[in-house]
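In the structure tokens that follow, the same protein chain appears in two forms, which are kept apart as structure 1 and structure 2.
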Structure 1
């Protein structure tokens, strides 16, 4: 196989949302390289999931089926996918950068004699060579990676770096394969799925987000931005200084040390645009920034920018939004 293989993730028939972001990355990379992309879903009953993947523009979809893949273990995932990759010999293997992938993907790359480039945010081609892009030191530095040896390139894709809504539809053939796994090779016992600490809000699922930064000046003024979020039907979020000050809970922080989001609309109010914050929201479909500093970095990524005092503009915006909603 000459092309890109996208490894998707599911648990008990439920997709990890990053599977589709990684699929979008695979399609984009295939166009960049002039190659085709295929996808694999592994488990014990993956037929319906494979059929769903077949509705996207892919060369083929592989349902990797085995009873030992029914409940996740690193040994089973590593064995099955290593077997498939050796069989197909793809140019690039892309994984979603999830907790589970961090558990097994480095083993797969090591077995193939390669390194795994994790948390990739983009890619480009230089002199015919694939260059993988990622961020270092919480987004302070950009780094480019190339492979110094021939063979398959392994990479995981950062959450929200690619948008699932850019996926191209199509029709792909589905192929079912059974890897040669044996129970004696599985050293682990399946455990309950990893669960993050409970959150009152999942910003990653929000379609509309209104985020507030230090330009709000004091805690009592956050009510104004919260009123705008309510009028828009959006989730309220914040930059790190707001959460560090205790003005909003940490679960509402967007950035490299908070949640990585990609809503349809991201409205940044009084946020200057430190790189750590931009890392967390740059995948948003439309970014609108309100800041009185015309040279604020946030305007470099904003689709629409309003240079002005938020205390003048936000109340007027709230009024107009409510008028529009009330007809």
Structure 2
């Protein structure tokens, strides 16, 4: 098969929403390269999901089914998809850059003798060559990568880099395939997934969020940002390092491993904007960032920026917010 193969992700019949962003990326890439896009959904009961994919503009939809794909394991996913890719020989394989994809896609590329370009944010064609764009240094710099060998290009697509609402509808033929998996070759034994605590704080519903990051330096200083949140009537949130340190509970974490939020106002205090954080908040309507480092990636997504010392700025802001509210 020439063309683009998009690998989707589902758990117990429920889509990972990044599947659709990756399908959109696949369609876009197909148009750019003058090729067609196809999609695969893998699991133990993929019928309804494959039927849903058949409603998009794709050359074909493959339902890759096996009972050993029922609960995800890296070994089964690698075995099944490596078999399919060897059979189809696509030009490009696109994955959503999910936690699960990070667990198996590098194995698939390595087994095929290729390097996977992970966490891709965009692509373009330069003198007939496909250039994949991604971020370096946690978002501080961009980089262009090209494939220097013949054969399949493997890439995974960053969350929110492509828009699912650009997906073109259409009709595609569904084909069911059974990979040759054997139970003895699967070494990981997964237990049922669980949550640590019932989520008490629903940041996704908050209209205003004030979030604090590493720049706060000490646990005792969190109170200052909490005071700002209170003055604005906002929920208090944090980047991962703050929650890892136990300064705020995990349920206040925004980012790829926390909650994905899109409030009216997101005020980031002392957050540099590592990509894991940005994917969780860049959909916010208005973003304000205060950071001492003018080159911090948070300013790339900010509408308003203040470069300076948060310990000077935040008290001044609290005072003026209070004045404005009472005035």
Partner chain sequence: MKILVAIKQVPAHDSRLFIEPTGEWIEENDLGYEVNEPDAYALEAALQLREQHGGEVIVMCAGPARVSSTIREALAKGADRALHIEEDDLRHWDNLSVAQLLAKAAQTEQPDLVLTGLQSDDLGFGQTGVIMAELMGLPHATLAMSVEVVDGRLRVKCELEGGWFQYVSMPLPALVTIQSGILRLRYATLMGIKRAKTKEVRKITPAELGAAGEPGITLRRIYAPHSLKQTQMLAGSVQEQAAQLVEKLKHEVRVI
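Throughout, rigid core stands for the largest set of C-alpha atoms superposing within 1.5 Å between the two forms. Numbering follows the first chain given and starts at 1. This is a predicted model, so every value here is computed, not measured.
Participant: Just one of these is the form predicted in complex with its partner chain; is it 1 or 2?
Facilitator: Of the two forms shown, it is structure 2 that corresponds to the form predicted in complex with its partner chain, while structure 1 does not.
Participant: For residue 163, is the C-alpha shift between the two structures 2 Å or more after core superposition?
Facilitator: No: residue 163 shifts by under 2 Å between the two structures.
Participant: Once everything's superposed on the core, is residue 310 shifted 2 Å or more at the Cα between the two structures?
Facilitator: The answer is yes; the displacement is at least 2 Å.
Participant: Tell me, please, whether between the two structures the C-alpha of residue 116 is shifted by 2 Å or more, with the rigid core used for superposition.
Facilitator: No; residue 116 is a residue whose C-alpha shifts by less than 2 Å between the two structures when the cores are overlaid.
Participant: How many angstrom apart are the two C-alpha positions of residue 233 between the two structures, if you fit on the rigid core?
Facilitator: Residue shift at the C-alpha: 15.0 Å.
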